[in-house]
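Before any questions on binding or motion, here is one chain by itself as structure tokens, the form predicted alone.
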């Protein structure tokens, strides 16, 4: 999948939203362990639905109902409910930043059963589920797609919607550092900032504030990183891991591990970087990044995950060393 939504798909998505009445139940869903793009796109769109007069809108994600500290002040957070309180039979479901139904857990069945559903995403590995697919692999973030649909629905940007979409855009572009930061990305950011939001304040809250325990945990995990110059067919790989015991020892919630990939990926001698994060005994969430020479999405997809050429992930099983061995082998097979 290389092209974005067609005119017919945009029209179908608009029709799906307009098919719901103001008092109909509308359920918004994003992926498990939501990041800034998932939450920002979903809540920004939810606020847009409110502006259109829809009165029964809820947002959720599968798994433990934990909103990471950096996002607890995001506008629209009052839309969030635990998975158990999601509408049982909503008239319309909109899914945000989800590449495959496996990332929806038990909520996947609700998407399949809904009278109307729209999937907004930017992952090239998207499997094409849902009633209407608005999937644009060229988009820097799902918020770009969300903004496109809000515009077509006639929802004007205000500061609350803009803050949500800006958080989504900034997080998925690495504070506008990654290669997908195009002219159109900066143009969207400019439109969002023009509503009166304060980028500096948002960035400090999202990127530059963490508990002391999280800093200590980061130092410990970075300290055990391993550099393998010969891995990835000589392009180099650097990796580290974090366990549940690490989290307990430093008194930190699991989401603090999500930011570990950023310092790891900065290693100059490796194109591929990886962080293996324990989520349960024998189960690991794997984050993969590439500087450009390696397509890491192929490894992730082969293991039931997904993502982009330069950023992908999957769930691994066994010991951390087993997961690393699998990735090392798959990289070499793919590149050789």
Ligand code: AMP
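Quick caveat: nothing in here was measured; it's all calculated off a predicted structure. Residue numbers count along the first chain shown, from 1.
Keep in mind the form predicted in complex with this ligand is missing from the figure; the text below concerns it.
* Any chance residue 265 has a heavy atom within 4.5 Å of this ligand in the predicted complex? -> Close contact is absent here: in the predicted complex, residue 265 is far from this ligand, nothing within 4.5 Å, heavy atoms only.
* **4.5 Å heavy atom contact, residue 46 and this ligand in the predicted complex** => No, residue 46 stays farther than 4.5 Å from this ligand in the predicted complex.
* Asked: With the cut-off set at 4.5 Å between non-hydrogen atoms, does residue 287 touch this ligand in the predicted complex?
  -> Within the cut-off, so yes.
* Using the partner position in the predicted complex, report whether residue 306 sits within 4.5 Å of this ligand, counting heavy atoms only. => Close contact exists here: in the predicted complex, residue 306 approaches this ligand to within 4.5 Å, heavy atoms only.
* Have a look at 49 to 57, 306 to 314, 22 to 30, 64 to 72 and name the one stretch with heavy atoms inside 4.5 Å of this ligand in the predicted complex. => Selected stretch: 306 to 314.
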